[in-house]
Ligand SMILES: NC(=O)c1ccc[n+]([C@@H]2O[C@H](COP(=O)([O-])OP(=O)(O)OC[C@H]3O[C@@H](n4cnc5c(N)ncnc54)[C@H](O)[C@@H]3O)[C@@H](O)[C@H]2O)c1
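In structure tokens, one chain follows: the form predicted on its own.
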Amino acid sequence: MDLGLAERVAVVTGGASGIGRAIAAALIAEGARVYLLDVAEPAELPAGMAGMVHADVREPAAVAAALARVAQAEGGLDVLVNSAGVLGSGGFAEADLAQWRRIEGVNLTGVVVCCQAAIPHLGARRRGRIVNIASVAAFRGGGAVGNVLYGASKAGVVALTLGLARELGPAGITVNAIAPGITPTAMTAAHLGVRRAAAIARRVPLGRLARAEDTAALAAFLASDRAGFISGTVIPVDGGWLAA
């Protein structure tokens, strides 16, 4: 299927690793010109990457400058994927405000900052796409990996997605979210051992944990012309875990 992404310009936050990197690779495979936005320098840029811009998603001035550089270099911006995220750990009673500020800052404030910086560029072409990476934790108050604070931050992403779809629709911008199931990545490695991962997988109707590529395939579709009349959706990619 031709998704119509050839030469579309995309920025993927948190694209240096994990789900973000898989999304970047999927967009590149469809012919998009992809830039990573991350604080970290990847060990190796994915093949075909258009470039990399460095910024902390919590810093409005830095993000605005980074997106402006991309838009200037490419003559515009078509797609923003908000994939940057951090996990929490431990129980709610033991969590301090520093942990909450870090989780909320990256997972929710970061999405707000990046969307605000991207909207002028996305609206200019009236075909803009925003894809936010939420989590099944938004619907389970944390879930098996992450904690209550993590779930709360991702629930905020869900609410933001619905509101932005309504507000940005007249500008031709679609806004959708993906809620991945538990996905083994470098970020989740500290929380998942072999036995725990196997136990969680047994609770998934399709019998395995999510893969980053599962989320990436849907992200590419939502970024495309094929999904041009889809907006305000939150789609789980969890093998049926929420239904179990």
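Keep in mind the model is a prediction, meaning the values are calculated, not measured. Residues carry their position along the shown sequence, with the first being 1.
Omitted from view is the form predicted in complex with the ligand, to which the following refers.
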Is it true that 57, 83 and 134, all three, sit within 4.5 Å of the ligand in the model of the complex, judged by heavy atoms? yes
Which of these residues, 39, 218, 204, 70, gets a heavy atom within 4.5 Å of the ligand in the model of the complex? 39
Given that the ligand is not shown alongside this chain, does residue 19 nevertheless sit within 4.5 Å of it in the model of the complex, heavy atom to heavy atom? yes
Please determine whether residue 183 contacts the ligand in the model of the complex, using a 4.5 Å cut-off between heavy atoms. yes
is_contact(residue 95, the ligand) in the model of the complex, heavy atom dist at most 4.5 Å: no
Taking heavy atoms and a 4.5 Å cut-off, does residue 162 contact the ligand in the model of the complex? no
Which one, 118-126, 134-142, 165-173, 72-80, holds residues whose non-hydrogen atoms are within 4.5 Å of the ligand in the model of the complex? 134-142
